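Below, in structure tokens: the form predicted alone, a single chain.
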Amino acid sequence: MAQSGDPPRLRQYVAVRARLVGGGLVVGLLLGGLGMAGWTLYTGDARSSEATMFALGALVFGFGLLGWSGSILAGRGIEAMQEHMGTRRNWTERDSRRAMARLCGGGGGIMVGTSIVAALL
């Protein structure tokens, strides 16, 4: 049974995650669109530019997804190892997951931005 305080917490939870991934998405949209347009002007070949920029976006997205899952799987172990060895740094599982989520958003944005510019050209 849902309590009356649950919807605001859910909204806050979703808003924080949407801001995190959305920020990367917006930056990716700009990078993808500008990269596609710039590479097309440089090479003169829109098809090749689209394929190149989309592939770069997919690479960034894939790296972010792999890093995010790796952070979840090994994050606490790495933190414990750093604590045990006395080499505690500012690296945390949470920060790593946030960074990888931004990369996923950025990679997705590059792919979408590239596709939008390719459709307009």
Partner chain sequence: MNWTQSLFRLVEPVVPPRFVIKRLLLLIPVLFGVASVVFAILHLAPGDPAIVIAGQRASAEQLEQIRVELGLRRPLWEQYLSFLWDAARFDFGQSYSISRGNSVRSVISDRLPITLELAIYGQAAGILLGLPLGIISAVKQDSLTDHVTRIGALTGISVPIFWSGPLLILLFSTYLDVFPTSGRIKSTLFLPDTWTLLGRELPLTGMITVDTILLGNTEAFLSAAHHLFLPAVVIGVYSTALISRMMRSSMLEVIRQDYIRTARAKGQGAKITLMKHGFRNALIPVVTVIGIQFGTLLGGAVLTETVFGINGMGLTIVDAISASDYPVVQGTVLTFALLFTLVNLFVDITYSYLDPRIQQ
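Positions refer to the first chain, counted from 1. Computed from a prediction, not measured in an experiment: that's the story for all the values here.
From this point on, the text means the form predicted together with its partner chain, which you will not see here.
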message = Although the partner isn't part of this model, could you tell me whether M111 comes within 4.5 Å of its partner chain in the predicted complex, counting any heavy atom of the residue?
response = yes
Exercise: W91 in contact with its partner chain in the predicted complex, heavy atom 4.5 Å = no
inquiry  = Can you tell me whether T52 touches its partner chain? I mean in the predicted complex, with a 4.5 angstroms heavy atom cut-off.
reply    = yes
ask   = So, in the predicted complex, is Q82 in contact with its partner chain at a 4.5 angstroms heavy atom limit?
value = no
request  = Taking 4.5 Å between heavy atoms as the contact cutoff, choose which of L41, L66, L34, V26 touches its partner chain in the predicted complex.
outcome  = L66
key: Sequence-ordered residues of 31-62 touching its partner chain in the predicted complex, heavy atom within 4.5 Å   = R47, E50, A51, T52, F54, A55, L56, A58, L59, F61, G62
